[in-house]
Every structure is written in C-alpha cells, then in structure tokens.
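One chain comes next, on its own, written out as structure tokens in the form predicted alone.
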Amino acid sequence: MMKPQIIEMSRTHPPLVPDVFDPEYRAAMIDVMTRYTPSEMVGAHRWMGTEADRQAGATFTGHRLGTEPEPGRVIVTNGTQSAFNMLLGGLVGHDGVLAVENLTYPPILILAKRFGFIPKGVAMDGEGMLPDALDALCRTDRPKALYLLSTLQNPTTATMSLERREAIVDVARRYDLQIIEDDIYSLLPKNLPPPIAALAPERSWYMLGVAKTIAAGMKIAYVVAPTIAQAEAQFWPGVRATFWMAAPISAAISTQLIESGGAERIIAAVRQEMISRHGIVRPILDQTDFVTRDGALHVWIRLPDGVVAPELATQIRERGVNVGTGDPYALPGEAAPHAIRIGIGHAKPQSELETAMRIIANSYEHARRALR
C-alpha cells in the first residue's frame, strides 16, 4: 500500500498562478528566441549582465528604491545565495564579523564556515533588529558589515517601520558599516516603507530576487552596489572562479518579462493568490500563537513552554505535512526558538492548503493539551 504524499509546507515558495504565469513565460521565451539566435544566447556568459539585463534590473529594483539606479551599479546574479558567495567573502572576509539578526537565513551560517567570517546575532523585537543592540555589538565586536531583511524577516515575518530603518542607518553610518539588505519578500505587501538602501545608498548592497514573487526556479537576483566601481570590484574578479553568473536564458527571460510588463502581471496574480491563502490560514490558526503579515509566504507559530519544536514537527509529518522549525536559523551556541515555520505558498490547490493547516492546528492543540 502506497503511503499518502506528504504536503510540503517547509518552503517559502510563491504559489503557482498558471493562468497568468504560463502565457507570460511562454511569450517571453518566444520573444527571447526571436531576439537572439540560440548560438548568440548561449555562446558566451553574460557576466554581470548585458546592457539590457542591467537596465531591466534597474527598472525592477527601482520600484522599491523609489528611483532607478544607474544600470552600471546593477549586477545580474544566479540567485541570492550566489550573490552572497561574492559579497560576504569580499565585504567581511576571514575572521571578520558580520552582524545579523539573532535568527538569520541559514545559508549565511554555512557560508560563515566556508569563508571563515564570524556571524554575531543582534536582538530583535516585533519590528526586527534593535538599533540599540546593533550599536552595542558595534562597540564590542566592530563588525565590518550588516546583513538583514527589513521586510518580512525570515523566519519571524518582522517588518521595520520607517523610523526603525532610519535608526539602523544612523548606527551603520556611525560605525561605517556596509549594509547587505535582502529585500526578496518585499514585492507582495502593499504600502511598505522604502528599503534601507534607499536611505543609505552610499553603503548599501541591495538584493532583490525573483524567486519569492515570480517563480522559485527562476534563479535571478539583482544586486545594486553603492557605486559602479564597487560593483566591478566585488564581482568582476570572480568570473573565473565562482558560479554566481546567471544562466544566459534565465537572464534574458527575466529581462523580457520586466520589459513587457509580464513580471508585474505575474507578481500581481501571486499577490492576489496570497490574499486568498491568508484568508484560509488565519481563521484556522486562530487558537495558536502565530504571527504573519499581509503578503508573507510563511507563518511563524510560537509554541508553549514544554512543547519541543522538532517533536511537534515530527508528529505533524507523521500526519502527512512537512513543516520547518526555528532550529536552522539559530546562531552557533544559541538556543533554538520554540517555534515552527509554515510556508503557505507551496501547496498547489487551496484545498490542499486548508487540509494541511487543519492538521497543523489540530497537532498544535493536541500538544498543548498534553501539557496539562
């Protein structure tokens, strides 16, 4: 007898919107193959991006930054993790300190081991990183750079107010910190404050990928450097020894989608689908201690004392749903948070999402009652 298929809820993938995505992507592919011959397309690397790619990246990031950056400041990369490989080694380096949120993106911790830099956590509240805690870390540990998500922080969904962003900038300027801002979740919510990079462009490395808003498998992320010279200094030496360059076909299709307006239409459809999904999720989780925000691709559920996150995740998986815990986000030597993280975009039909959420809510309630 075959086991039932596991419903995957541990990943922050955007939902599929095939009615919009499929025709837009097909049209972009046709336009790209009309624009270039196959040999022109794959006969050489696009390195930091063609002029058209970098202009498209300037347009795409300009929606959040408020103005389009100079295309020469834009680097087209093979996703955010590839960009990290170049930025963290160059900006922080071996034995350097990188300030991060005290729950941070797990690949940062892997890259710390690879490059030999030291991640140091900064305390957070409901808006994310605390400026006073960052100031204290700067006084004691002298970090070279700061990495953070100012919008829909992963895993907590914390989102900074404008005042908080300005306070972080003040600290960064006081201690001459380089800022690496990952804004990948910012295109689905409405009425957000500007990115930190818009407030401190002279020291910001702004990252905006398409994997969380257009398609998880589109490995394209745009990096906006403080200056053209700094863009070249950080990325150009790596063309012979690393894998950060975007695949030519992916870069070209992303450029075409941005130029045609298809990217905006896909993002609008994903945004609408997430509104519907939040409408399903929130009532079901009403009796749990959960936090999420409009546009968020995930939910963070804080657990009662006595409920062990990995054990609850195992129980939920045994009932057919795979969820994440906070363990991978904890810095070395720090206690993992008592929480589970649920991606609400990956389930394909909404009926599957509802089934999964009821299993999660029931498992949470069963674990809570077992404490009595």
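Numbers follow the displayed sequence, beginning with 1. Since the model is a prediction, treat every value here as computed from it, not as a measurement.
The protein also exists as the form predicted together with a small molecule; that form is not presented, and the subsequent description refers to it.
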Answer among 80 to 88, 109 to 117, 122 to 130, 273 to 281 for heavy atoms within 4.5 Å of the small molecule in the predicted complex: the stretch 80 to 88
For this session: Flag residue 182 as yes or no: does it have a non-hydrogen atom within 4.5 angstroms of any non-hydrogen atom of the small molecule in the predicted complex?
Result: yes
Would residue 147 count as touching the small molecule in the predicted complex under a 4.5 Å heavy atom rule?
yes
message = Just checking whether residue 363 would be counted as a contact of the small molecule in the predicted complex - the rule being heavy atoms within 4.5 angstroms.
response = no
Practice item. Determine whether any heavy atom of residue 244 comes within 4.5 Å of a heavy atom of the small molecule in the predicted complex, and answer yes or no. Key: no
Is the small molecule close enough to 157, 206 and 293 in the predicted complex that each of the three has a heavy atom within 4.5 Å of it? no
As a check of understanding, the residue in 200, 137, 231, 211 with any heavy atom within 4.5 Å of the small molecule in the predicted complex should be identified as 211
